[in-house]
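Next up is one chain by itself, shown in structure tokens, the form predicted alone.
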């Protein structure tokens, strides 16, 4: 059977009554599990002879992701996770001492630590801005960013969606502003890709990294990087490996005399693919992306928005403070809330787990992140579970 919005029959072994932690790790669907099994069995049977099959499979996956993001497939390169993608770009920019990099306090560390490391390595100036102005309004955030850009900028790094609060950043406006001041925009898209429609051509971001185990609903161990075609020639391939060359495997296929070390590094984003790739995870990702294609990201996002629209007012009526923006353009697939002051977040989270409800609690927030398999009929069950756990906690000595 194919995927159906609000239907979890492709997740028949999932042990939670409600799984609402897709912003953390998504459970693999039956087709994803089957893809992992197929790769293992194929290599067990054919060993080295299976390699060309999965080399071709990566071409198919690259094309699917390119269509999802509205870019050309040659602008994408595979990596093992979001963090590695951030590192690859941070090491490959043609830095000059004193270049200014702007990051944001409150970002997930994956999009801060590599820039801190690059600042030390290349003698860069790093400025950390607050996300609070963006939380109040997109325009206030853009005004604060412009004040920082007026001091000079080489690159701004931001997450498409903030992991703590679910705030979706105004990427198109940020890119235009950064470009006006001569800088580049890097985006960590792991909290957006697979749930929010992303047209990278329209957004005009310069670089993007993403992993597969959250909203893309693949498994851990796979990810990709996007580089705008105008930027690729300006990168320094410091992360290149043996498979980064043009015709890298020719010496293994055509007999003697083809082993060379002077073949040029590919002037495409896939120069970051310096060694053997995580074949099972990439096959799993394609299996999941096929499901997303069938459903379409637009329909998925509308479905999760309807779910959160129904859930949010019922939780705020229980005393929760919602961090979800009232601006539709700044909403994401996550509903993040602060519990009432007298309720321990850790105890609430544990209580929900005992009720077989999976949520997350990033840095002080209760995060509820449904996806396409979550049904609207879950909402009253989830609200009642929260109410029951709160009563238990309030009555405890």
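The structure presented is a predicted model; accordingly, all values stated were derived computationally and were not measured. Numbering follows the first chain given and starts at 1.
Here the subject shifts to the form predicted together with a small molecule, a form of this protein not shown in this document.
Residues of just one listed stretch (259 to 267, 205 to 213, 311 to 319, 123 to 131) have heavy atoms within 4.5 Å of the small molecule in the predicted bound form: 205 to 213.
Contact check for residue 163: a heavy atom falls within 4.5 Å of the small molecule in the predicted bound form.
At a distance threshold of 4.5 angstroms between non-hydrogen atoms, residue 272 is out of contact with the small molecule in the predicted bound form. Contact between residue 110 and the small molecule in the predicted bound form is found at the 4.5 Å heavy atom cutoff. In the predicted bound form, the small molecule sits within 4.5 Å of a heavy atom of residue 81.
Proximity to the small molecule in the predicted bound form, defined as a heavy atom within 4.5 Å, holds among 90, 190, 217, 283 only for 190.
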